[in-house]
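As a starting point, one isolated chain is supplied in structure tokens, in the form predicted alone.
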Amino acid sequence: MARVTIVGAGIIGLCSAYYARQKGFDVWVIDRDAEGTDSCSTGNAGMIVPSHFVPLAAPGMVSMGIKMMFKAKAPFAFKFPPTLDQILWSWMFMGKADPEHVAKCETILRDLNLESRKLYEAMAEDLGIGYQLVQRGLLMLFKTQKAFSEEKKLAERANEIGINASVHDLDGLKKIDPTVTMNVIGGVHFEDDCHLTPHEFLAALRKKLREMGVHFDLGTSGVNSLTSVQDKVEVTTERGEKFDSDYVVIASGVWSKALAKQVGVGMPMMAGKGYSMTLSNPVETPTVCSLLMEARVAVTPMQNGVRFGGTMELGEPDDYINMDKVKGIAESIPGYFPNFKESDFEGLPIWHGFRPCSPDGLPYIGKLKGNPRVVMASGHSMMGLSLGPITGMLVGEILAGEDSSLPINQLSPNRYVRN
């Protein structure tokens, strides 16, 4: 039985283990963090988002980022002084943020998200009662007519390409979710979106994987090197542990870039740091997840309360908590949900995580040119949880030498490698 070592025990790594094991591989999952440790897979907004068919690299994003860059509480930041990698990444991002790129990406992003949603439904049956998939859609809520008008156009395009979206005034929104008081002019209901509680899903998936015979080596140390040894790949950790495998899957988020470089593949990626806070006893609990659009804040009802998250701080990963950004999130919420107060968020634990962002807004999925026995699964930006199952299924197909269920040429991890 061929052995696969998966580096990373987040949503992408665990879903890759799930489908690789279904293909008959002997699967090992290794991660420097102990089981249940907070990561980008646990503190995120928990949304599955077919609505997100426009990549991060899109028209208007550069100018909006520049306007926000020097506002302390704005939902975007660019770390200064920038590293050379930041500068190069930004240059590539600017080169992609145009209508032509959006048009090229919308089909693959639509298909990835819709297929992933179907796979979540199948996994819900397979995993049992360990987690709940809430299929009530996503509300995009607006305070300003300008932003609302732009989203109406996006809703029209969504319907044209097979994603269900409907436009509502405040009265219509109240009918969709009467459990929360809103102070907005209107919104768009993306009906195919859904949400879940990330840590509950991950716990249920780990339990299922152990039942399937997947091996775990967690809380060990980081990966120090990847070395080809004849027809094997040797993974060596910082503590000197060695894992000899037929294949390796790199699913370690923003740290995947360094591992790809070890086998000669330059894969531009920046950390997009985000923050979240979870109210365990909120004054109101919505039944539908939402995005507060002008504030760029995500709101998700979960099994342990209501989670509020946002901010995109681009740069190299660090554990510094920017309290101005956290305050910006808390201050924005009463403007949309007036029964909440900024003081509700005082003293709450602040989670932070690093979204692995590619400059073109598409994930990296496929074999690395430097070693075809190494498969990359990273770079999902804000859609890591949303695209977990479909990424895992594609990784399983790649490992088994099968034709991919979806065309993945655009997702090649080698697309920035110079020939």
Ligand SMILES: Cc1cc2nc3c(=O)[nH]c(=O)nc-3n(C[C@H](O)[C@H](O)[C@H](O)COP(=O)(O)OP(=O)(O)OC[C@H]3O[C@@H](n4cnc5c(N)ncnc54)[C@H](O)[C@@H]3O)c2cc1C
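The first residue of the shown sequence is 1; numbering continues from there. As the structure is a prediction and not an experimental result, all values here were calculated from the model.
Another form, the form predicted together with this ligand, is not on view; read the next lines as being about it.
Site annotation in the predicted complex: the residue of 47, 390, 368, 57 reaching within 4.5 Å of this ligand with a heavy atom is 47. Though this ligand is absent from this view, in the predicted complex it lies within 4.5 Å of a heavy atom of just one residue from 385, 394, 362, 27, which is 385.
Stretch-level contact analysis of 159-167, 85-93, 254-262, 337-345 against this ligand in the predicted complex, using heavy atoms and a 4.5 Å limit, identifies 254-262.
For the three residues 32, 355 and 381, a heavy atom within 4.5 Å of this ligand turns up in the predicted complex in every case. At the 4.5 Å threshold, heavy atoms of residue 8 reach this ligand in the predicted complex. Looking at residue 223, you'd find a heavy atom of it within 4.5 angstroms of this ligand in the predicted complex. By the criterion of a heavy atom within 4.5 Å, residue 310 is counted among the residues contacting this ligand in the predicted complex.
None of the heavy atoms of residue 142 is located within 4.5 Å of this ligand in the predicted complex.
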